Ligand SMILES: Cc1cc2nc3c(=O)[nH]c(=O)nc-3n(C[C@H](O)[C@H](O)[C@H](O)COP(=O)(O)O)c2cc1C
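Heads up, the chain below is alone and in the form predicted alone; it's given as C-alpha cells.
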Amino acid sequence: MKETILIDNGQDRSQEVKATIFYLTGTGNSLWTARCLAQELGDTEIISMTSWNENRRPIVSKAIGLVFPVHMWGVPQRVLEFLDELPAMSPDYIFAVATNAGQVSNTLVQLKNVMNSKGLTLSSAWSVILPSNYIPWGGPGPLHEQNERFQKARIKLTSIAQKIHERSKMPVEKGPLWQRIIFTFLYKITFPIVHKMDDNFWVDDRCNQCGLCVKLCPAHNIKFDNEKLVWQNRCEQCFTCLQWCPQEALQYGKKTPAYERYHHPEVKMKDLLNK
C-alpha cells in the first residue's frame, strides 16, 4: 500500500496502480477504512481529499474509490465538490464506501444520483459501520462494542476488496425505508445551515492554546482572535477539533463535557497533520 501525502519528491508516478482511493476523514474512521481497502487490494494509493486542491497531479489508475463519513445523514459538502475532479481522471470504475454508525440512510443513493447528473457512473458502493464520532449524541460506546465493529468492518472490507478486484457492478447499499424517508428529509433541512452550526462550540478553562484544533480543522474554520478561539461559520460538523483536543477542552452544546472522546485507535494525530 502506498499512502500518498501528495508531496512532489521526484518519485516516478508513470506506472499505473490498480486503484486510487480518495478519502475524507476527521477522526480517522475513513482513513482506516481506506488503508484496509488499499492493503487488501494491493498496489493502491490513498489520497486525502482535503489536500487535493493544493496538490493536484495526474492519476494513473482506472479504478477510483471514494471513502468518506456520512455527515448529517448524507454526503458531505466536500465530497460533493470533489466529484467535479473525477471526469479529468477518466476512471473506468468508480466505487465508494460510506463510514457511519449505523445510519447510512440514503447517502449512497444520493451520491449515485449526483454523479449521474454529472455524467459519472457509480459502479458499486457500500456502507461500513464503525464507532460513532458524532459526539453531540454521545460517546463511541463501550470498548468491547467498538472492537466488535472493527472486527466486522475488517471482514466486510475484505469482501468489498474482492468485489472491487472483480470490478463488480451492483446496487448501492442503503438504510431501511424509515431512515431514507426521515433522515433524507432532515438532511435537506440541515444541509444549508451546517456551516453555521459551529455557533455551539465553546472552550473551557483547560484550553492551553496549543493550536492543534486550528491546524487540524479540514475547513480552516478556526482561528485565534485576541488569544481566543473563534469559529468562522465554515463548519463541516466533522468534530475533528473537539475529538483530537489533547486537553478535552473543546465542547459542543451542554452535554459533551460528560462524553468520551473518540478517534480511531490505529490513526494518529500526525496522520491528519501530514495529509
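None of the values given here were measured: they were computed from a predicted structure. One-based numbering along the sequence shown.
Form predicted together with this ligand: not shown, discussed below.
Asker: Tell me which stretch of 42-50, 225-233, 27-35, 209-217 has a heavy atom within 4.5 angstroms of this ligand in the predicted complex.
Answerer: Going through the listed ranges, the match is 27-35.
Asker: Looking in the predicted complex, any heavy atom of L130 within 4.5 Å of this ligand?
Answerer: It does: once this ligand is placed as it appears in the predicted complex, L130 has a heavy atom within 4.5 Å of it.
Asker: Contact with this ligand in the predicted complex for L242, defined as at least one heavy atom pair within 4.5 Å: yes or no?
Answerer: L242 lies outside the contact set for this ligand.
Asker: Contact with this ligand in the predicted complex for G65, defined as at least one heavy atom pair within 4.5 Å: yes or no?
Answerer: Result no; G65 lies far from this ligand in the predicted complex.
Asker: With the partner left out here, check for me: in the predicted complex, does some heavy atom of Q237 sit within 4.5 Å of this ligand?
Answerer: Answer yes; at least one heavy atom of Q237 falls within 4.5 Å of this ligand in the predicted complex.
Asker: Determine the residues of 39-76 with a heavy atom within 4.5 Å of this ligand in the predicted complex and present them in sequence order; the list may be empty.
Answerer: Contacting residues: P69, V70, H71, M72, W73.
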